[in-house]
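As a starting point, one isolated chain is supplied in structure tokens, in the form predicted on its own.
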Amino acid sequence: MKTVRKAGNPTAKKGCPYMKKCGGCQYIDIPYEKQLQQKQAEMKKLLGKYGKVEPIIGMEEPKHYRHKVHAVFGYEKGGPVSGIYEEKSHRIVKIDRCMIEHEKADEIILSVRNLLKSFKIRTYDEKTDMGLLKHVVVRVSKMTGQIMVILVLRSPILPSKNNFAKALTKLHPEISTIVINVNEKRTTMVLGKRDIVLYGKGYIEDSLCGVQFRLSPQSFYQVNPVQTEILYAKAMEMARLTGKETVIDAYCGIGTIALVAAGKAAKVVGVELNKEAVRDAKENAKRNRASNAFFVCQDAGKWMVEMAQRGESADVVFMDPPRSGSDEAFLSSVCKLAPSRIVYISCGPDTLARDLEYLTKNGYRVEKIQPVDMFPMTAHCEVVVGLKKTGC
């Protein structure tokens, strides 16, 4: 059975009652201005040798910014519990309300937890591999207000599923869709590959930088919509698009960066290995009538090498890799393609520093470094870097 660590009263006036047991918000007991100062100093230390680090862009309201909320479910004496894993463990910290999560999402998760007993739905026990409900994920669209609830189950069979959906939507009529996600494996991955629509369309819609997006359960989408618009606006500034360029969006996901760039470039190609993400990207291109945006399901590095071998070229490459950064094979493929500009969006500044070392030794120089605080109260920081090919 999962170990549960109880936290204090979530209505406490000072600070976060969970901070000593959760560990997710490393900076939550530091005034926000000092958080920004500390992150600025860290970015300067990591990246300063490549150029001037611009002042970090913070949030006017740095609380309740996470529009995607994930809760892990377990059990203790007295009934089911939900919350997050304590840092570097699988002990659940029971949380009802979080200072950085969307308030409506937290309310819905609490309602799910309260409904479990009456519907005789057992929470999952990872030690015995028994029980049904593993996780609940809630996505809230900032622009449309639509809400998706994802119930991650060990089995596709949910007792009285239609009545459960009716009970939850009666409590929260603003819910747009409820999806069962089946994850039968013992794994650290939250979502499995199979989705079953229980209520609504199975997706929600949002807009970002004037572009509309369809978000399905498997879609990657930035969790902080306010700062994402700022981040992408800075990325477009660094790309210096005039409407004549051919652009590649590596690690394109559902096409967010590609479709924002499509309105400013001649042609955009998004490359992504995840089939579901490419399907969503193509659908999003249709929604926005972006006839100059194309999406390919392939390894981005191999695709760029093949493109160079065919004698084709690109003017700008956007890259937004995972926190682990890019490997040398991918960076080598970018350099072989030799775009005049690279715009690198990073959620892992330490691996960004490593990758900049490679790029600056292989024909590129850094023009601008812009940190953006996407994750207030935590030690994480997003950075966008503009690079230009030497001699251009």
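Remember, predicted model here, so these are calculated numbers, not experimental data. Start at 1 with the first residue shown and count on from there.
The form predicted together with a small molecule exists for this protein as well; it is not shown, and the discussion that follows is about that form.
Not one of 169, 195 and 203 places a heavy atom within 4.5 Å of the small molecule in the predicted complex. Only one of the listed residues (95, 300, 108, 153) places a non-hydrogen atom within 4.5 angstroms of the small molecule in the predicted complex, and that residue is 300. Of the residues 322, 159, 79, 145, just one reaches the small molecule in the predicted complex with a heavy atom at 4.5 Å or closer; this is 322. Residue heavy atoms within 4.5 Å of the small molecule in the predicted complex occur in exactly one stretch of 83-91, 121-129, 255-263, 177-185, and that stretch is 255-263. Within this chain, residue 273 lines the site of the small molecule in the predicted complex, having a heavy atom no more than 4.5 Å away. Using a 4.5 Å cutoff between non-hydrogen atoms, residue 220 counts as a contact of the small molecule in the predicted complex. Of the heavy atoms in residue 295, none are within 4.5 Å of the small molecule in the predicted complex.
Heavy atoms of residue 75 never reach within 4.5 Å of the small molecule in the predicted complex, leaving it off the interface.
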